[in-house]
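What follows is a single chain, given as C-alpha coordinates, in the form predicted alone.
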(Lines give C-alpha, C1' and ligand atoms only; values in the text may rest on other atoms or scores of the structure.)
Protein backbone atom coordinates (compact mmCIF):
# COMPACT_ATOMS: atom_id res chain seq x y z
CA UNK A 1 0.00 0.00 0.00
CA UNK A 2 1.43 3.41 -0.95
CA UNK A 3 2.23 6.00 1.72
CA UNK A 4 -0.66 8.26 0.65
CA UNK A 5 -3.19 5.49 1.23
CA UNK A 6 -1.71 4.69 4.65
CA UNK A 7 -1.82 8.37 5.59
CA UNK A 8 -5.44 8.65 4.50
CA UNK A 9 -6.45 5.63 6.57
CA UNK A 10 -4.75 7.13 9.62
CA UNK A 11 -6.40 10.52 9.06
CA UNK A 12 -9.80 8.91 8.61
CA UNK A 13 -9.52 7.09 11.91
CA UNK A 14 -8.49 10.34 13.62
CA UNK A 15 -11.39 12.27 12.10
CA UNK A 16 -13.91 9.59 13.09
CA UNK A 17 -12.90 9.96 16.75
CA UNK A 18 -13.63 13.69 16.96
CA UNK A 19 -16.51 14.60 19.25
CA UNK A 20 -16.40 18.40 19.19
CA UNK A 21 -15.70 20.23 15.95
CA UNK A 22 -16.22 23.98 15.63
CA UNK A 23 -17.40 25.50 12.38
CA UNK A 24 -15.14 28.47 12.95
CA UNK A 25 -15.98 32.12 12.21
CA UNK A 26 -13.85 34.15 9.76
CA UNK A 27 -13.22 37.69 11.13
CA UNK A 28 -12.62 40.72 8.88
CA UNK A 29 -10.61 43.93 8.85
CA UNK A 30 -12.37 47.20 7.95
CA UNK A 31 -11.22 46.86 4.33
CA UNK A 32 -12.82 43.41 4.09
CA UNK A 33 -9.65 41.33 4.22
CA UNK A 34 -9.32 38.52 6.76
CA UNK A 35 -8.35 39.58 10.26
CA UNK A 36 -5.88 36.77 10.84
CA UNK A 37 -4.84 38.06 14.27
CA UNK A 38 -8.43 37.81 15.52
CA UNK A 39 -8.87 34.48 13.73
CA UNK A 40 -5.80 33.01 15.42
CA UNK A 41 -7.00 34.12 18.85
CA UNK A 42 -10.40 32.56 18.20
CA UNK A 43 -8.86 29.24 17.14
CA UNK A 44 -6.59 29.35 20.21
CA UNK A 45 -9.67 29.75 22.44
CA UNK A 46 -11.11 26.64 20.78
CA UNK A 47 -7.98 24.57 21.34
CA UNK A 48 -7.53 25.75 24.93
CA UNK A 49 -11.07 24.67 25.80
CA UNK A 50 -11.02 21.19 24.32
CA UNK A 51 -12.27 21.57 20.75
CA UNK A 52 -10.77 18.78 18.64
CA UNK A 53 -11.33 19.99 15.08
CA UNK A 54 -12.33 23.04 13.04
CA UNK A 55 -14.28 23.45 9.83
CA UNK A 56 -12.55 26.21 7.85
CA UNK A 57 -14.56 28.27 5.38
CA UNK A 58 -17.86 26.52 5.99
CA UNK A 59 -21.21 28.30 6.05
CA UNK A 60 -20.38 29.69 9.48
CA UNK A 61 -16.96 30.79 8.24
CA UNK A 62 -18.62 32.39 5.20
CA UNK A 63 -16.82 30.33 2.59
CA UNK A 64 -19.71 31.24 0.30
CA UNK A 65 -18.46 34.86 0.36
CA UNK A 66 -14.85 33.95 -0.43
CA UNK A 67 -12.95 33.55 -3.63
CA UNK A 68 -11.15 30.22 -3.86
CA UNK A 69 -7.79 31.94 -3.44
CA UNK A 70 -8.95 33.35 -0.09
CA UNK A 71 -10.49 30.02 0.81
CA UNK A 72 -7.36 27.94 0.22
CA UNK A 73 -5.16 30.57 1.85
CA UNK A 74 -7.22 30.36 5.06
CA UNK A 75 -7.05 26.56 5.06
CA UNK A 76 -3.28 26.75 4.55
CA UNK A 77 -2.88 29.33 7.30
CA UNK A 78 -4.90 27.19 9.73
CA UNK A 79 -2.86 24.08 8.94
CA UNK A 80 0.45 25.91 9.27
CA UNK A 81 -0.38 27.46 12.64
CA UNK A 82 -2.61 24.86 14.26
CA UNK A 83 -2.37 21.64 12.27
CA UNK A 84 -0.39 19.82 14.95
CA UNK A 85 -2.84 20.81 17.69
CA UNK A 86 -6.23 20.37 16.04
CA UNK A 87 -7.72 18.62 13.01
CA UNK A 88 -8.33 20.98 10.10
CA UNK A 89 -11.30 20.13 7.88
CA UNK A 90 -11.54 22.39 4.85
CA UNK A 91 -14.89 23.13 3.27
CA UNK A 92 -14.07 22.53 -0.39
CA UNK A 93 -17.54 21.52 -1.51
CA UNK A 94 -19.31 23.12 -4.45
CA UNK A 95 -22.37 22.73 -6.64
CA UNK A 96 -19.89 22.11 -9.46
CA UNK A 97 -18.15 18.73 -9.28
CA UNK A 98 -15.17 20.02 -11.22
CA UNK A 99 -14.79 23.03 -8.96
CA UNK A 100 -15.12 20.87 -5.84
CA UNK A 101 -12.43 18.49 -7.08
CA UNK A 102 -10.06 21.33 -7.93
CA UNK A 103 -10.54 23.04 -4.56
CA UNK A 104 -10.18 19.73 -2.72
CA UNK A 105 -6.94 18.99 -4.54
CA UNK A 106 -5.61 22.37 -3.46
CA UNK A 107 -6.83 21.89 0.10
CA UNK A 108 -4.99 18.59 0.47
CA UNK A 109 -1.93 20.11 -1.19
CA UNK A 110 -1.72 22.70 1.61
CA UNK A 111 -2.16 20.04 4.26
CA UNK A 112 -5.79 19.90 5.40
CA UNK A 113 -6.65 16.68 7.18
CA UNK A 114 -10.07 16.17 5.58
CA UNK A 115 -12.61 17.87 3.35
CA UNK A 116 -16.22 18.80 4.00
CA UNK A 117 -18.50 18.19 1.00
CA UNK A 118 -22.03 19.45 0.53
CA UNK A 119 -24.39 18.14 -2.12
CA UNK A 120 -24.84 20.31 -5.25
CA UNK A 121 -27.25 23.13 -4.40
CA UNK A 122 -29.58 25.31 -6.50
CA UNK A 123 -28.73 23.40 -9.69
CA UNK A 124 -29.92 20.22 -8.00
CA UNK A 125 -29.20 16.82 -9.51
CA UNK A 126 -30.68 13.31 -9.42
CA UNK A 127 -29.83 10.66 -6.86
CA UNK A 128 -27.56 9.05 -9.45
CA UNK A 129 -25.90 12.41 -9.93
CA UNK A 130 -25.43 12.80 -6.18
CA UNK A 131 -23.77 9.42 -5.99
CA UNK A 132 -21.39 10.16 -8.86
CA UNK A 133 -20.59 13.60 -7.46
CA UNK A 134 -19.62 12.23 -4.07
CA UNK A 135 -17.71 9.30 -5.56
CA UNK A 136 -15.67 11.84 -7.51
CA UNK A 137 -14.74 14.06 -4.57
CA UNK A 138 -14.21 11.13 -2.19
CA UNK A 139 -11.55 9.78 -4.52
CA UNK A 140 -9.28 12.66 -3.50
CA UNK A 141 -8.94 12.08 0.24
CA UNK A 142 -10.76 11.79 3.59
CA UNK A 143 -14.09 13.60 3.60
CA UNK A 144 -17.18 14.31 5.68
CA UNK A 145 -20.47 14.54 3.77
CA UNK A 146 -22.70 17.44 4.84
CA UNK A 147 -26.47 17.14 4.62
CA UNK A 148 -28.40 20.37 5.24
CA UNK A 149 -31.53 20.42 3.07
CA UNK A 150 -32.66 23.77 4.50
CA UNK A 151 -29.73 25.36 2.67
CA UNK A 152 -29.26 23.15 -0.37
CA UNK A 153 -32.92 22.51 -1.16
CA UNK A 154 -32.28 18.78 -1.46
CA UNK A 155 -31.92 15.97 1.06
CA UNK A 156 -29.10 13.47 0.68
CA UNK A 157 -31.18 10.32 1.26
CA UNK A 158 -29.93 7.31 3.23
CA UNK A 159 -29.95 5.29 0.00
CA UNK A 160 -27.08 7.44 -1.29
CA UNK A 161 -25.12 7.39 1.97
CA UNK A 162 -25.45 3.60 2.15
CA UNK A 163 -23.67 3.36 -1.21
CA UNK A 164 -20.89 5.71 -0.09
CA UNK A 165 -20.17 4.36 3.39
CA UNK A 166 -17.72 1.67 2.30
CA UNK A 167 -15.65 3.90 0.02
CA UNK A 168 -12.03 4.25 1.22
CA UNK A 169 -12.17 7.98 2.13
CA UNK A 170 -15.66 8.20 3.63
CA UNK A 171 -15.36 9.50 7.21
CA UNK A 172 -19.01 10.06 8.03
CA UNK A 173 -21.90 12.51 7.78
CA UNK A 174 -22.71 15.89 9.26
CA UNK A 175 -26.48 15.45 9.50
CA UNK A 176 -29.01 18.26 9.99
CA UNK A 177 -32.25 16.38 9.25
CA UNK A 178 -32.71 15.25 12.86
CA UNK A 179 -32.02 12.61 15.45
CA UNK A 180 -34.12 9.85 13.93
CA UNK A 181 -31.89 9.96 10.85
CA UNK A 182 -28.84 10.00 13.09
CA UNK A 183 -30.07 6.93 14.97
CA UNK A 184 -30.64 5.08 11.70
CA UNK A 185 -27.10 5.79 10.54
CA UNK A 186 -25.43 4.85 13.79
CA UNK A 187 -27.35 1.57 13.84
CA UNK A 188 -25.77 0.83 10.45
CA UNK A 189 -22.26 1.62 11.67
CA UNK A 190 -21.99 5.03 10.00
CA UNK A 191 -20.18 7.76 11.92
CA UNK A 192 -22.41 10.82 12.16
CA UNK A 193 -22.11 14.25 13.74
CA UNK A 194 -25.13 16.35 14.63
CA UNK A 195 -25.26 19.57 12.66
CA UNK A 196 -27.85 21.10 14.99
CA UNK A 197 -26.66 22.66 18.24
CA UNK A 198 -30.12 22.51 19.76
CA UNK A 199 -30.33 18.73 19.20
CA UNK A 200 -26.71 17.71 19.72
CA UNK A 201 -26.91 16.71 23.40
CA UNK A 202 -29.64 14.17 22.75
CA UNK A 203 -28.02 13.17 19.44
CA UNK A 204 -24.80 12.33 21.27
CA UNK A 205 -26.18 10.59 24.35
CA UNK A 206 -29.49 9.09 23.18
CA UNK A 207 -29.18 8.55 19.42
CA UNK A 208 -25.56 7.46 18.96
CA UNK A 209 -23.98 10.49 17.28
CA UNK A 210 -20.20 10.68 17.54
CA UNK A 211 -20.50 14.35 18.47
CA UNK A 212 -21.35 17.71 16.98
CA UNK A 213 -20.10 20.11 14.35
CA UNK A 214 -21.04 23.23 16.23
CA UNK A 215 -21.66 26.94 15.75
CA UNK A 216 -22.23 27.85 19.39
CA UNK A 217 -18.85 26.39 20.38
CA UNK A 218 -17.30 29.50 18.79
CA UNK A 219 -18.75 31.32 21.82
CA UNK A 220 -18.65 28.74 24.64
CA UNK A 221 -16.16 26.02 23.64
CA UNK A 222 -15.59 24.81 27.20
CA UNK A 223 -19.27 24.27 27.94
CA UNK A 224 -19.77 22.50 24.62
CA UNK A 225 -16.79 20.30 25.44
CA UNK A 226 -18.48 19.36 28.71
CA UNK A 227 -21.75 18.68 26.88
CA UNK A 228 -20.10 16.33 24.36
CA UNK A 229 -17.41 14.68 26.47
CA UNK A 230 -18.47 14.50 30.11
CA UNK A 231 -21.68 12.53 29.82
CA UNK A 232 -25.39 13.25 29.67
CA UNK A 233 -26.17 16.58 31.29
CA UNK A 234 -29.73 17.71 30.65
CA UNK A 235 -29.38 20.60 33.11
CA UNK A 236 -26.45 22.10 31.19
CA UNK A 237 -28.19 21.47 27.89
CA UNK A 238 -31.31 23.30 29.08
CA UNK A 239 -29.15 26.17 30.32
CA UNK A 240 -27.62 26.61 26.87
CA UNK A 241 -30.80 26.29 24.79
CA UNK A 242 -31.86 29.97 25.14
CA UNK A 243 -28.45 31.05 23.77
CA UNK A 244 -28.74 28.58 20.91
CA UNK A 245 -32.26 29.76 20.13
CA UNK A 246 -31.03 33.36 20.09
CA UNK A 247 -28.09 32.43 17.88
CA UNK A 248 -30.34 31.00 15.18
CA UNK A 249 -33.17 33.56 15.35
CA UNK A 250 -31.83 34.76 11.99
CA UNK A 251 -29.91 32.61 9.50
CA UNK A 252 -26.44 31.59 10.64
CA UNK A 253 -23.89 33.25 10.83
CA UNK A 254 -25.71 36.55 11.51
CA UNK A 255 -26.17 35.88 15.24
CA UNK A 256 -22.65 34.53 15.71
CA UNK A 257 -21.05 37.48 13.94
CA UNK A 258 -23.03 39.89 16.09
CA UNK A 259 -22.23 38.04 19.32
CA UNK A 260 -18.48 37.81 18.70
CA UNK A 261 -18.41 41.54 17.94
CA UNK A 262 -20.27 42.27 21.18
CA UNK A 263 -17.70 40.19 23.06
CA UNK A 264 -14.86 42.16 21.47
CA UNK A 265 -13.38 39.01 19.89
CA UNK A 266 -13.83 40.22 16.32
CA UNK A 267 -14.26 43.65 14.77
CA UNK A 268 -17.89 44.57 14.05
CA UNK A 269 -17.36 44.16 10.31
CA UNK A 270 -19.83 42.29 8.09
CA UNK A 271 -19.61 41.24 4.49
CA UNK A 272 -22.97 41.62 2.78
CA UNK A 273 -25.45 40.03 2.42
CA UNK A 274 -25.04 39.55 6.17
CA UNK A 275 -26.00 42.42 8.49
CA UNK A 276 -25.96 42.59 12.30
CA UNK A 277 -28.87 41.72 14.52
CA UNK A 278 -31.03 44.61 15.64
CA UNK A 279 -30.59 46.54 18.88
CA UNK A 280 -33.22 44.54 20.77
CA UNK A 281 -31.47 41.25 19.94
CA UNK A 282 -28.11 42.73 20.90
CA UNK A 283 -29.53 43.71 24.26
CA UNK A 284 -30.90 40.20 24.70
CA UNK A 285 -27.43 38.77 24.12
CA UNK A 286 -25.98 40.78 27.01
CA UNK A 287 -28.59 39.20 29.28
CA UNK A 288 -27.78 35.71 28.01
CA UNK A 289 -24.08 36.23 28.72
CA UNK A 290 -24.89 37.37 32.23
CA UNK A 291 -27.16 34.36 32.81
CA UNK A 292 -24.58 31.81 31.65
CA UNK A 293 -21.55 33.66 33.02
CA UNK A 294 -19.08 35.83 31.12
CA UNK A 295 -16.26 33.51 32.16
CA UNK A 296 -17.64 30.75 29.93
CA UNK A 297 -17.46 32.86 26.77
CA UNK A 298 -14.47 33.50 24.52
CA UNK A 299 -12.50 36.71 24.91
CA UNK A 300 -11.72 38.87 27.90
CA UNK A 301 -13.61 42.12 27.24
CA UNK A 302 -16.88 42.99 28.92
CA UNK A 303 -19.87 42.21 26.70
CA UNK A 304 -21.33 45.33 25.08
CA UNK A 305 -24.58 46.11 23.30
CA UNK A 306 -22.91 48.17 20.50
CA UNK A 307 -24.78 50.82 18.57
CA UNK A 308 -25.81 50.60 14.92
CA UNK A 309 -23.03 53.06 14.10
CA UNK A 310 -20.41 50.69 15.54
CA UNK A 311 -20.98 48.18 12.74
CA UNK A 312 -19.38 48.37 9.32
CA UNK A 313 -21.29 46.56 6.57
CA UNK A 314 -19.26 46.08 3.39
CA UNK A 315 -20.81 45.96 -0.06
CA UNK A 316 -17.57 45.12 -1.84
CA UNK A 317 -14.72 43.07 -0.46
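Just so it is clear, the model here is predicted, and its values are computed rather than measured. Numbering follows the first chain given and starts at 1.
Although not depicted, the form predicted in complex with another copy of the chain is the subject of the following passage.
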Margin query: in the predicted complex, is there a heavy atom of another copy of the chain that lies within 4.5 Å of any heavy atom of residue 188, even though the partner is absent here?
Written below: no
Notebook entry, point to check: Contact between residue 102 and another copy of the chain in the predicted complex at 4.5 Å, heavy atoms?
Noted result: yes
Note to self: Since only the chain is shown here, I'm wondering whether residue 274 would be in contact with another copy of the chain in the predicted complex (any heavy atom pair within 4.5 Å).
What the structure shows: yes
Note to self: So in the predicted complex, is another copy of the chain close enough to residue 291 to count as touching (4.5 Å, heavy atoms)?
What the structure shows: no
Checklist line | Contact stretch among 219-227, 140-148, 195-203, 179-187 - heavy atom within 4.5 Å of another copy of the chain in the predicted complex | finding: 140-148
Notebook entry, point to check: Using a 4.5 Å heavy atom cut-off, are 7, 79 and 129 all in contact with another copy of the chain in the predicted complex?
Noted result: yes
Margin query: Do any residues of 30-62 have a non-hydrogen atom within 4.5 angstroms of another copy of the chain in the predicted complex? If so, which ones, in sequence order?
Written below: 33, 36, 40, 41, 44, 59
